[in-house]
Structures are given as structure tokens and as C-alpha cells.
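Below you will find one chain, with nothing else, as C-alpha cells; this is the form predicted on its own, and questions on how it binds or moves follow later.
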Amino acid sequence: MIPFSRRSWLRLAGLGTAAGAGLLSARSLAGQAKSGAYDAIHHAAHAMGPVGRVSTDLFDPSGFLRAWNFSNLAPDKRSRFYRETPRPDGTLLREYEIIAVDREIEIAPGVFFPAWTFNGQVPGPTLRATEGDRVKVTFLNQGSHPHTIHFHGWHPPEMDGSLPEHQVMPGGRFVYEFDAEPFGMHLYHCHAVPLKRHIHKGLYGVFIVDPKGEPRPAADELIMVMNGFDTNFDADNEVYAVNTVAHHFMHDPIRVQVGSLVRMYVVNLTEFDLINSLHLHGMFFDVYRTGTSRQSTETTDTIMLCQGERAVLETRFRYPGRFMFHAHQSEFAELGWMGLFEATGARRDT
């Protein structure tokens, strides 16, 4: 693991400061006369990010966007971690296997973080059910510390995973079982103490409950988890991202279709900072706080979320091209929390 402070990360990546941007520009223009190109590169250095790419062999932030209930796995592997069985009342029994395991993950090129993970990834796998389904999660703790799973939503107190007696010791197992309700966008995370350490180390994921009866309109649905990483353990994050890898979506823009409904499931799981945010350039979106209502609460281009707060955002891109999105805390954006949408298709003004 490489210990970075925020300032050294900025210098390394060529981000955020005039000195860092100037260094990056000088290197890229060595041997060339100063010109308008110098000013352009100097100005745009904040968007260039660190040199190199993070391997997606173990975790692909782009694949995570559109995967739930282990849909990213081949059928034979998926059946180990997820099964569904129809019930007489028309609902489903949804059975999951979630495993806590220690794993070093790469969060920026050459920057590794000693994470605690659910199923070897940060964030953990997205779980999705329909309101009224029975959810059964077999939790295996193969990590080096006691862990639990705490689900947001309605469930009996013995399924809460929050008290000392709920902790699952290394090598142990526990079965969480409850009905999926209410409909909305929820989350799950370890609730062992110290809580901030277990969450910050990576033990969290998204839990979506779709409404029964009339479903939400069909859309291109995206899972977006805002997170941060304290690489030198000074209770101050050095790297920020959506779906873990800094600046991933600057290199690999999220591809959407002009005129098609895009639904973003956004949750803030950043530790140590009181708030995080999402701002979308050139666009507005409808906000459904926690996703528990079919009525939008506001239409805006920026949303602020505290830790654990979440929202469903819906929009339609009117124009083709690339649209930036990022945290509206500039420091977060410069330290990795920045990306692009790439919309394709003919212009649609409504």
C-alpha cells in the first residue's frame, strides 16, 4: 500500500493545484514552444487524472453499473450465490450467499487499499427484490474480524445485525431472513464496531426493492455508489470515486441513448466527510428521495446526500455528446470523483 496525503495525491495525479497542473503540462510539452495548447492543457489538467489504468479483472466499475443479483456471473457460478423460487402467493423466495473476505483492491493506478469486502468486491454485490418477496441471505465470515450485515428497511430486530450479540465471528455464519419492504432504494453494510472502520474499509452494498403491482417505467438503470478511501489511515480520505475506482468514468464514459429514460440509483457511502454530492452538466433530473414514492420531490442538476442517504434520479438526455458529472465538492472531484456520460442518437428537445 502506498501512503498518500490529499496534497501528495494531487501532486502525483497533476490535479487541483497550479503546481501540479504546471508539472503535468511541462512534462507533456517538453521540447515544444509555449502556445495556446499549453494553456488548454494547463486548464484541463483537472480532468486528465492519474497516468495509467486500473485493471478490471477483479472488479469492473462499468460492469457494476448494470448488475444485480449476480447477473454479471456465468449461470453455473451465479447459481452458487443466488437462487429464486416461486411461492404460492406469487412472490419469490430469493436466496443469496454473501461472504466477508479481506482483499487488497486497486482504487487508482498503482494505489492499493487493504479492504474488507463482501464477495471480494467494493461495493458488495447489488441485491434486488420485489416488495413482498422473501429474502434469505446466508452470511459467511471468512474475514479476520467480527462482521455483520445490517439491511436498511423493515425487518425483525433479531435480523438487524447491529448489536454485539449479532456479530458473526471469523469462520462463523448467520442467516438473515425477512420480507422485502418497503419498496425503494436501500443499502446494506456491516454494523460491527467501530462502525466507521467497517464501513470505510468497504463492507457495504446496494439493496433495491421494486414496487409490487405496476412496475416503474422501463429504463436504462445504473447503480452508482459514491465512496472514498483513506489510504494513510489519518481519518481523511485521499481518493474519491463512484464505484470505487478514481476517474474510471472519465476513461470509460457511461454510454446512454438520447431520448431514453435513464434511472440512476445513487447512494453516498463515503466515510469521514459529512456530505457528498452529484452534479450533472447540461442536464436536469427528477429526484425520488430513497425511492419510496412514485412522485418526484424536485427537479434539479445537483443533489446533496449525507452518509447512507440515497436517491433515485431519472432523466432523458436531449443532446448527443459527452456530459460531465462529478461531486460539487471540488476537492472530491479533483481526487477522483468525476466522470462522463456519452449520449448517442439524434437530438431530442423534449
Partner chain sequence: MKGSIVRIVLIGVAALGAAALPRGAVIVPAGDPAPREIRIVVKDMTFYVDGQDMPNPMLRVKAGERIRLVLRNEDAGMTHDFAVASWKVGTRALMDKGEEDALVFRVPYQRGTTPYHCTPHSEMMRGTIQVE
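Since this is a predicted model, take the numbers as computed values, not measurements. Positions refer to the first chain, counted from 1.
The following text describes the form predicted together with its partner chain, which does not appear among the structures shown.
Undergrad: Is R103 a contact residue for its partner chain in the model of the complex, using a 4.5 Å heavy atom cut-off?
TA: Yes, R103 sits close enough to its partner chain in the model of the complex that at least one of its heavy atoms falls within 4.5 Å.
Undergrad: If we define contact as a non-hydrogen atom of the residue within 4.5 angstroms of the partner, is V256 a contact of its partner chain in the model of the complex?
TA: No, V256 sits far enough from its partner chain in the model of the complex that none of its heavy atoms falls within 4.5 Å.
Undergrad: Given that the partner is absent here, does P157 sit within 4.5 Å of its partner chain in the model of the complex, heavy atoms only?
TA: No.
Undergrad: Counting only non-hydrogen atoms and a 4.5 angstroms cut-off, does C306 reach its partner chain in the model of the complex?
TA: C306 lies outside the contact set for its partner chain.
Undergrad: Using a 4.5 Å cut on heavy atoms, which of P75, G213, P88, G171 is close to its partner chain in the model of the complex?
TA: Among P75, G213, P88, G171, a heavy atom within 4.5 Å of its partner chain in the model of the complex occurs only for G171.
Undergrad: To verify the annotation, which of these, S277, T130, N119, Q167, has a non-hydrogen atom within 4.5 Å of its partner chain in the model of the complex?
TA: It is N119 that has a heavy atom within 4.5 Å of the partner.
Undergrad: Kindly confirm or deny that H145, V175 and I199 each have some heavy atom within 4.5 angstroms of its partner chain in the model of the complex.
TA: Checking in the model of the complex: none of H145, V175 and I199 is within 4.5 Å of its partner chain.
Undergrad: Looking at 181 to 189, 260 to 268, 95 to 103, 219 to 227, which stretch has residues with any non-hydrogen atom within 4.5 Å of its partner chain in the model of the complex?
TA: In short, 95 to 103.
Undergrad: Heavy atom within 4.5 Å of its partner chain in the model of the complex: which residues of 52 to 82 meet that condition, in order?
TA: Those in contact are L58, K77, R80.
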